[in-house]
Structure formats: C-alpha cells, structure tokens
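Two forms, one chain: they're shown below as structure tokens, one block per form, named structure 1 and structure 2.
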Structure 1
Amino acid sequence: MRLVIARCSVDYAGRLTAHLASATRLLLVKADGSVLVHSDGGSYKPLNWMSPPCSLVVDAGDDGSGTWTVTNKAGERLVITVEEVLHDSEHDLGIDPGLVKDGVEAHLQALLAAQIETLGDGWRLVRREYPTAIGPVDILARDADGGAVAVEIKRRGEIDGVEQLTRYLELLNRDPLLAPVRGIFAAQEIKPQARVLAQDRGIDCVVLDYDALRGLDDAESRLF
C-alpha cells in the first residue's frame, strides 16, 4: 500500500462531475489498484475514490508535484493535481486473513445457506464462502433459471457492505463459467443510503428475519 499526504485538488468526471478544492489530504493506493482520497474528518468514508479494475498514470516531477490520472473500465476519471508532497511511503501489508464475522452474522449465513429457497423457489446452493482473489463471498447460489447469484450477508447493511459486494461481483463476472453474476445484499437491517447505492448498481436488497430463519417466528401464533 502506498500512502501519500499531499496538498492537492481532485476532479472526478463520469456519471456526474465533482471538484475538491486544494487542501491537505491522504491519498491511498492499494495493492488491488483502488485509489482513495481521504480528509482528516468524515470517519472512514473517503471523499472520493476509484474501485478496481482501474489504471493509475502518474505524471510528476522530482518533488512529487504533478498529476495522477485514475481511469476505470467505464471510462470514468479521477484526476488528482498534487501541488506539494508532505509524506510518501509504501508498505507491504501481506495477505489479510479476512474479517471474522460476529456470531449473529455467521449464523445468518449458515441459516440462509440451509434455507436458500428463502430467496426464491427453485434456488440451490453452490457454496458458502465462495473464494475470490480478494476474499470469499458469503454465498454463491443458482436461481430458478440457473443464473449465478452472489449473496453478501451483514447483520446491519451499510454502504461499505455494498462496496464489498460490488468488488466481488467485478471479479466473479470475469469468470466465463459464472458470468453473468448478479448480487443480493442481505441483512437484518439495511440503511437507506446503502439501499440507494445497491439499487444504483443493480444489486437487490433482502431483509432477513433472524427469528424466522431459526424457526422461532410462528405465524400461526400471532395475534395480528
């Protein structure tokens, strides 16, 4: 991973245009090719970013000032104009062991895999923890028409979960034996912003009832 702290401005051109005026920011270039622009606020979310697959072309002088141009497969461009470099370092983080899911999240995955027909009649499970180059997708299934579906499961569905599933889908759709692969983002609760982002990327959202999957929700005993 490359970490650069620099005074820079940023321009994005794609489905819309956006401009970040000159300020001191953290630029991250990850091993998977993604480029992220962070400020010192805003929690974990970058101000702007480009997800892989994308290419980075750096046109810079000896002092590091110059232009970074990041282009993705859709032709969208992120142009970072670096005015002054305050820090520039590279670190090999190695292979990440991956996130260990909490008990509820892991149990949701096991329950949904065992009851994959919850997602639709005629569905069948291909595999849990289906491997990709950047980590395993929770469930790979086939729908009633035989189409491949990648399912990412969260206890609470937020934007970062949608981004994670998007990256899995980009990789899975490169496999001619699977493509086309569509995505389902499943959680006990899905935040409105995450739902909007998922819909924009053609990903379906499913709200999971944990008690129903465990067989604790008896519809016949309800008063209403």
Structure 2
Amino acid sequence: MRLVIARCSVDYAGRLTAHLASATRLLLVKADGSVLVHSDGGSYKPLNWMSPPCSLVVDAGDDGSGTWTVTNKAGERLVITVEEVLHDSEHDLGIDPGLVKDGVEAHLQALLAAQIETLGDGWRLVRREYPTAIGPVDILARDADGGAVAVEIKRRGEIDGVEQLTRYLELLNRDPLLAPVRGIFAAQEIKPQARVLAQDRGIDCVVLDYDALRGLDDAESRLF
C-alpha cells in the first residue's frame, strides 16, 4: 500500500464525468492497483476512486509532480494531476483475514425458522427460501389450521419489502395446493408507511425481537 499526500486535481470519466479542483488530499494506492482519493472529511466514501481490476501509470518528475492515469477494461479513466507531493510512503500489509459478521438478516431468518411457533401456536415450518418463479420466499409455513403462510423477513421493514411479499403472494396464490396463502411481514422495525401498505394488502406485520429470539435459541440449544 502506497500513501501519498499531495496537492492535486482529479478528473474522472466513465459511468459519469466528475472533476475535483486543486487541493491537498490523500492518494491511497492499494496492492491490487486500485486508487482512492480521500479528503479530510466526508465519510468512508472517497471523493473519487478507481476499483480493481485496473492499471495505474505514473508519469512524474523527481519531485513527484506529474500525472497519474488509472484505467480499467471498461474504458473508465481517472486522471490525477499531482502538483506537489507532501508525503510518500510504501507499506507491506500482507493478506487480511477478513471481516466476520453477525446479526444480519440471514441470522434473523434462521432464528425465526427454528422458532416458527413464535408466530403462532401449532405453526409448522414448510421450508426456508421456498422457491417461486420470481425468487425464493424467506419462509413458508402452515398455521395451526393447516393454512399456508408466506413470511418475508427484513431487518428494517420498508415499503419495498411489502411490495416484494405482495409479488410472492400473488404467485403463491396461483398454486391450488397452497392457496389461499396469507402473508406475514416480519422485521425488527417496521416503518409506518410500510405498515399502512401491508394493512391495505391484508398482510400482517410482526415486529421481531432479535435478542429474545437469540435468547430462546440459546436456551433451547442448552437443552440438548
């Protein structure tokens, strides 16, 4: 990894056209050839960048001033005009073991599938990721009376999730072995607009308590 602090201007031409006027910035060159241009503010997103795979050609004099040109196969082009170099260092980082995540939607789905009776007494899991022509429904279950129920799970329940479940329900209800299929929209948090839309479509909303689900799961695991 190469770290350069330089006064520079930047031009990008690719999926859009963009320009950065001259200022002092961090130029970060990664081992895979990718380049990030960071300012001293904003968020984690660089002002400008080129993602790998790409190739960097540096045309610079002894003082470091000159032109960096980064291109990729799609013909996107990032041109950095370096006027003055204030810092330049190279570092060997090695390979990163990578991030381990926990607590996302997949986990919610696994927990709820394992504890489907949370939704109602006598409920049974048919299967997770139940396939339809337009994609899999998170959970298909049967209620105590044997009626089919499609469950869509989100961390944050917004309008798109209700639309998604609506499409699934429309398809599932064409299957005479399943119809009528009820819908349940389950999320840790459900936005008011999503709730209204769900209600309008006859879809029930359930707010999931992640900690409680995890706690129950731990408790049940310990019974073995």
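Please read all numbers here as calculations on a predicted model, not as lab measurements. Reference numbering: structure 1, starting with residue 1. Each form is matched to the other, and the largest set of C-alpha atoms that superpose within 1.5 Å is called the rigid core.
Structure 2, rather than structure 1, originates from the form predicted together with the DNA.
Relative to the superposed rigid core, the position of the CA of residue 10 differs between the two structures by 2 Å or more. Relative to the superposed core, residue 79 undergoes a C-alpha shift of no less than 2 Å between the two structures.
Core-aligned CA deviation for residue 88 between the two structures: 2 Å or greater. The rigid core superposition between the two structures gives a CA shift for residue 52 of 38.5 Å.
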